[in-house]
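In the form predicted alone, a lone chain appears below as structure tokens.
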């Protein structure tokens, strides 16, 4: 059978573009399909815009705490429009890099529009009455923000929005309720607080950026509640738009939010509400029920190692999946790697190979930062691990920099290997710790190997030696039992 393309990639985000490039590298005729404006999640409303806001907040916070170093700064003013102007300007620059990439692709291989499956090898664009056939497909359509049912009826207002719309605003709000205390909620919540916005973070399930270690989580809760107004084990009980009429000409709308936590009821009004309660796979309009794919709640079931979707029969599947839609690891570098591998396997259909899955690594860019790497606490089995601990309250370099808040737990295998298997941390410069720990784990380094490494003084990272010595004592005792 003749096809229009060897590989059709649906979704022009980070994973999709990587899959398309790989297919071209493999010498295949490929196309890239997008039904929205070009611009990846990372560049448009994810990693980069949030870090721009955080950078502004960090500068404001450093000025505000300068008196603790004996430096007095007066008349500090945060320009609410200038902050957002820089965020939007730099975001547009990042997005334009993506658009420049796409504009360099052959025009006949770029398809802008909404296509849906009518069978395993055919897509249809109803608007243009166009069919497109391909031997294989890569679905890389990303995710959509998940919105609590109580908020959905009010999403059409200009007062309640998700992360895709937040960075379009031209002015920092005076007050905001952020629903969700995960990575995005915590990052933006702290940044806005430090930029003078009255901010309340309302989360559920006692979540702080995915921490699972109860001791590290307790310390993180304590640290963030010192600075932030955060309720992270709450339930939203009511949301409504209220309008104040000051006179015949002046009317003002606010959002009244009600929530409960630990038996207490809270009610406050805000200029706006940001919903940051996670994401769900974006399969809208694909009509995957017309394919032979196994579906769970409308989402393709796939092999994590090969990224091949599973069929309802025993035949090989010609559809692959990559990026945030898998909801495995929603981060840029993972999306790129998944896209490359899905593109490789789609290009070499029936010669599918498994990928190398790297050590998981997550960072929340708060102050202090939150990091998890490798196995988390919930993945550990009793009696099969030892923990190395560092408390940063009195750690030398941390105290010098007034960053002496936080806790690190390193997890080592106690089954004879003594290898580092994971860590959870809320503390200073955690992003660098996570990167090093991922390398240690990939190299199967033991606690003894790590202690042989150089630890330069005075650095924050030398605290790792303290944690390793702590873990070594426990491992030595366990091995004698």
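In this text the structure is predicted, and so the values were computed from the model without any measurement. Numbering follows the first chain given and starts at 1.
The same protein also exists as the form predicted in complex with another copy of the chain; that form is not shown, yet it is the one meant from here on.
Chemist: So in the predicted complex, does any heavy atom of residue 399 sit within 4.5 Å of another copy of the chain?
Modeler: So residue 399 counts as contacting another copy of the chain.
Chemist: Although the partner isn't part of this model, could you tell me whether residue 467 comes within 4.5 Å of another copy of the chain in the predicted complex, counting any heavy atom of the residue?
Modeler: No, residue 467 sits far enough from another copy of the chain in the predicted complex that none of its heavy atoms falls within 4.5 Å.
Chemist: I'd like to check something about residue 358: if you look in the predicted complex, is any of its heavy atoms closer than or equal to 4.5 Å to a heavy atom of another copy of the chain?
Modeler: The answer is yes: residue 358 has a heavy atom within 4.5 Å of another copy of the chain.
Chemist: With the partner left out here, check for me: in the predicted complex, does some heavy atom of residue 29 sit within 4.5 Å of another copy of the chain?
Modeler: Residue 29 lies outside the contact set for another copy of the chain.
Chemist: Work out which of the listed stretches, 292-300, 407-415, 341-349, 88-96, brings a heavy atom within 4.5 angstroms of another copy of the chain in the predicted complex.
Modeler: Within 4.5 Å of the partner lies stretch 88-96.
Chemist: Counting any non-hydrogen atom inside 4.5 Å, which residue from 365, 161, 231, 259 sits next to another copy of the chain in the predicted complex?
Modeler: That would be 365.
Chemist: In the predicted complex, does every one of 59, 333 and 458 come within 4.5 Å of another copy of the chain, counting any heavy atom?
Modeler: Affirmative, all three are within 4.5 Å.
Chemist: Even though the chain is shown alone, can you say which residues of 67-91 have a heavy atom within 4.5 Å of another copy of the chain in the predicted complex?
Modeler: Read in sequence order, the residues that approach another copy of the chain (within 4.5 Å, in the predicted complex) are 68, 69, 70, 71, 72, 73, 74, 75, 76, 77, 78, 79, 82, 83, 86, 90.
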